[in-house]
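In structure tokens, the next block holds one chain alone, the form predicted on its own.
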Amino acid sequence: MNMTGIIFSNIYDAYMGDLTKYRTLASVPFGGRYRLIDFVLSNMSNSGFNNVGIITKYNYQSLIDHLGSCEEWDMSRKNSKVFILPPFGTGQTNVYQGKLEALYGAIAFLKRTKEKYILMSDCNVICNIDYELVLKEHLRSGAQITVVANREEPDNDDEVRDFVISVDDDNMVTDIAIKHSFTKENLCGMGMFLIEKNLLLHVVEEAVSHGRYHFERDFVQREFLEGSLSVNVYEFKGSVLRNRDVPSYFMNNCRMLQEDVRRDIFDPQNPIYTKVRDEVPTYYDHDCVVKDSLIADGCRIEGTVTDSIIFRNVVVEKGAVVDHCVVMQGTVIHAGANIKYTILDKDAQITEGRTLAGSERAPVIIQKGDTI
């Protein structure tokens, strides 16, 4: 594989509220047993990447703990490695503001990679994609950069995307807009870009020396509109879950209850890997009620669970009701509690008889280790 991977682990931390108070976005739990980084890292592993650099900013200890030696992703071999790239790697004194500055901090890693192309990706977009197809399309097009994008129908007229592409009847790019409204006729960037290494190194050094730090706006959009950059689009047609903020994160977890979405993302031909933990099977009491939920191993379910995502080692006591919730590892919901549209972070406790009720667009968040 002639590509090196770069994963940005912190770019969207500010949009995720309390979920990223103690951790980087890349290590936010998702779907019952995974972390957000598992999806993009598994895609790179399945596509044959030998080297992947993960650019960090802060709060990345949980990410390091989760990845370990990366043997679960088959990237702990002699010729396949994952590198954690912390800030201040080139002696800069300020934490990076955008992707160009982040890449400048990782420039030593980029220079010593032997692969010709760099595939950069955010970690907030969940999909199952073959990056080899992206490379083939990039080589076919002859463009300087290829953007991975998909078509979506907006939920309302005010909905925006970070990177909106307009194309003509021949699928040629005619315009690029940043943080703009879109229609089903547009293509929406998925935070994934393929570019030749030498061009990227030149762009990063030139941009930083002129005080530019935003990759999409200060490089891709700017130079495309000036006519000095040829942009190709690879249209991805599978399921895409964008975790833009807390409500979208909550709804995307709920979308994992849809069989067609699960089948598309967890393609057995291209599996999604995660850290292996050997737990006992989940215990279901004979009086419990469970409906339309994903429940990980190691749990004890004695109450009622409906339309929810339950992580490992969660306890739902008798008489407790959990409805449309995301309940992370180690949480205990005591007898008689009634929670709805709630996200409970790790090791939280809901006391006996307590009632919590959010909504799909505004779920209640209980922070890690809190007792309510």
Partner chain sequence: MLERRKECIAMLLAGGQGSRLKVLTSDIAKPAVPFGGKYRIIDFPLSNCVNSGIDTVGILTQYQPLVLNAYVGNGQPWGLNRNYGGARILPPYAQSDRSEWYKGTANAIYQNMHFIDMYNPEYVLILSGDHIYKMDYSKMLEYHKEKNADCTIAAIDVPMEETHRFGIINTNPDHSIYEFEEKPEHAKSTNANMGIYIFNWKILKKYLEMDEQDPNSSNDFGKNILPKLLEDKQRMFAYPFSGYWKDVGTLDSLWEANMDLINPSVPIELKDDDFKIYTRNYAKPPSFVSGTAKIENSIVAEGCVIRGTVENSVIFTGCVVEEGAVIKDSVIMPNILVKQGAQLNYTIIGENAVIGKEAVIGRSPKDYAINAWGIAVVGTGRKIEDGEVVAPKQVL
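Positions refer to the first chain, counted from 1. Here the structure is a predicted model, which means the values were calculated and not measured.
Heads up, the form predicted in complex with the partner chain isn't pictured, but that's what we're talking about next.
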Residue contact check: Gly53 to the partner chain in the model of the complex, 4.5 Å heavy atom: no
Arg35, heavy atom within 4.5 angstroms of the partner chain in the model of the complex: no
Contact label in the model of the complex: Arg262 to the partner chain, heavy atom within 4.5 Å: yes
Non-hydrogen atom contact Ala296 with the partner chain in the model of the complex at 4.5 angstroms: yes
Option touching the partner chain, based on a heavy atom within 4.5 Å in the model of the complex, out of Arg112, Lys184, Lys291, Lys136: Lys291
One residue of Val208, Ile178, Leu257, Leu229 in contact with the partner chain, assessed in the model of the complex (non-hydrogen atom, 4.5 angstroms): Leu257
Partner-facing stretch of 60 to 68, 335 to 343, 45 to 53, 26 to 34, counted where any non-hydrogen atom is within 4.5 angstroms of the partner chain in the model of the complex: 26 to 34
Three-residue site Thr282, Asp287 and Asn313 fully in contact with the partner chain in the model of the complex at 4.5 Å by heavy atom: yes
Neighbours of the partner chain in the model of the complex among 257 to 277 [non-hydrogen atom within 4.5 angstroms]: Leu257, Glu259, Arg262, Phe266, Pro271, Ile272, Tyr273, Val276, Arg277
